[in-house]
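Both blocks below hold the same protein chain, though in two forms, and each is given as structure tokens: structure 1 and structure 2.
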Structure 1
């Protein structure tokens, strides 16, 4: 059964069982709720649930778009803001914080947040600035049947993965057993950030915007990233997360580090070759270089409330969003995401994310200048990955590009 149908059915059941909540979700007074969010299934589901709060005097509209990051700062800068709610993640909350566009939520949490758990409150400088509702992380997806045939146990580290890939290739089981989202741009930079986090290194000198990746950890990260490409399809530089998902589903890949949020789609198996889904195991992200920290970033998705709106709109928006992530909705849709909501029973799709979080993975950094580093990495690592540049030159290029951007951004 496809996900859309499942969602429709579960929303239908929800409407029947939670009739009282459906009619209106108890928002008093009037207000306008305008949601801006990224566009994937879990967020669309939350938006639809929040829209159930529409009643006399309460309007709820939602715009789910992949362009949300480009829209949010201009849309929230005007007064009154175009959107009253911005759904964000670790990285996209930073531009909103940098420009002071979202409001502290402590009074709203005290009044309407009875259902929220303490770890959902994203506290910055002692003030609750966002309410997290789902976690996400890249983690290992592997084909048990292929590894069994090669006589290899579950890989725990990148060193294991490289050895396993070599064995699989030597045994002639698969030509390109590995895949990673190495497409230049956001994806490639995210791969670097992930791997570097696993080395235990810091990206910046403490308390400043001075870049600090030009060290052994940076070299180890790059060497590992390139070593993996020997076992990948020669087109690896054009694959993003959706690209490797398709390759894996087609049965061409034995191991990949892929987003937890795509695990549901994988287990759903639509369009997958025979034997792929049944043999797929989700496991914690690998460690690197003898370390113990999984080499991926942990992410949360949450909602924030705009600063430049009336207090009534803010109160209505907060209540609508709390309704949007209510425990009944989560209970009805356990496989859509790794929820952070009260009463959530993790399903088979969440195993990898939870194992990764439990193993102590670090969160994606929230420094105000992290976005500049991400952009510098996305433009400067391609040549190294293509093999036309050495690692030292690549790190020097990243540093030079970052310094240029950070000077222009006013951080250096």
Structure 2
């Protein structure tokens, strides 16, 4: 996969092999490992595994929080940085790169990464800047029993989903058969980005930071997003990914486009109503408007090491994180994520992500100004989704907010 970020970024498959050196983490000397990450099961598991490296002279702490994107830049800007490790994805590495807050990892790979293969590494400008450990994408989760009762085949497009929701509601099978992560902020913006990617459209004019979503693709994206809400709980603007997961597990939802990283939690079935788990099918993300590209973004998750820390802390942090993603941990937890680790055998939880990738889903854009667009979408779509503004006005509001930020950032 090649992704653009001012320069070429390459990602290969993460390959790790078990080694005796990791039995006690093998960290010599002293060091402080301070991990900042998002908060979901796979990352909590990696953090806990890395914490096994705590020993005399080595401390390991972790902060798994949904606010990580808001915390990372200020926390890594101070010297010494508050955190020595920032766990990132396609989008969240960009502000850290733009502000020169993370260090190249080539020396650490050479010294402590003997079990890492060259094609595992995220390289930017020829330097290794992150180590990827899992792939992720949103994809379709659906209740086969409910669709069967309504006489509906597996939905392949958003148009299919809307038709299926209408039939399920009309047949009295469910009042609110759909759910989506429409909470204003990062989640709602991601829903727009996902759907827009499915139109085949580009977010920016070629070779430019000029916004290019105020068009038929942008209108179709917004119209589809709002059409879906007529089949959702009236409080749809309060639901994020964890919220729709709970609604689906409670048996209240028949179809949702949800993160693959939460498929393991779904299939484990803890807290799920009777009949939900055994009737859940994980399928490729839907297409839109007659297109062939899944209407979601492909993601990788990986770790970076802060620049404003001592070399001792950097070395300890790198070793602890390599231990955190070791093959034994992955082998013991195969359903928690679509791991990018050698020896990983994709299980039932991974079929949706793999089907979506194989169908040609596009990577989340990594232009340095994409974060400004995501922020503008985060702030400017709520009124439209609530029904108090039309699509044309919403796109105009997004453009105004983006243009202001892009000019301040020196991109326009």
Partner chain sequence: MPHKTFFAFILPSLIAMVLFIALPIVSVVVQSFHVEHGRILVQVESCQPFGGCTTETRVDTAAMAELREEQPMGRFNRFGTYLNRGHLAVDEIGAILANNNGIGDIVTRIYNLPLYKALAFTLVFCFVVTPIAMALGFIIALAVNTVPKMVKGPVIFFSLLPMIITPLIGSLILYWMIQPNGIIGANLRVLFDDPTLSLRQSPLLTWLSLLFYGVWTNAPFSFVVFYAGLQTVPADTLESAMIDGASRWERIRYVVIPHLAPLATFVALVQLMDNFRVFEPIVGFSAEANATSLSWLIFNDLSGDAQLFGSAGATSVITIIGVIILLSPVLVRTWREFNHKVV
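Numbering follows the first chain given and starts at 1. Rigid core: the largest C-alpha set superposing within 1.5 Å between the two forms. Every value quoted in this text rests on a predicted model; they were computed, and no experiment measured them.
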Identity of the form predicted together with its partner chain, given as 1 or 2: 1
Rigid-body rotation between the two structures - hinge position, chosen from 100, 153, 207, 345: 345
Rigid hinge motion between the two structures - rotation in whole degrees: 16
Core superposition result - C-alpha of residue 56, shift between the two structures, Å: 9.3
Core-referenced Cα shift (Å), residue 328, between the two structures: 4.3
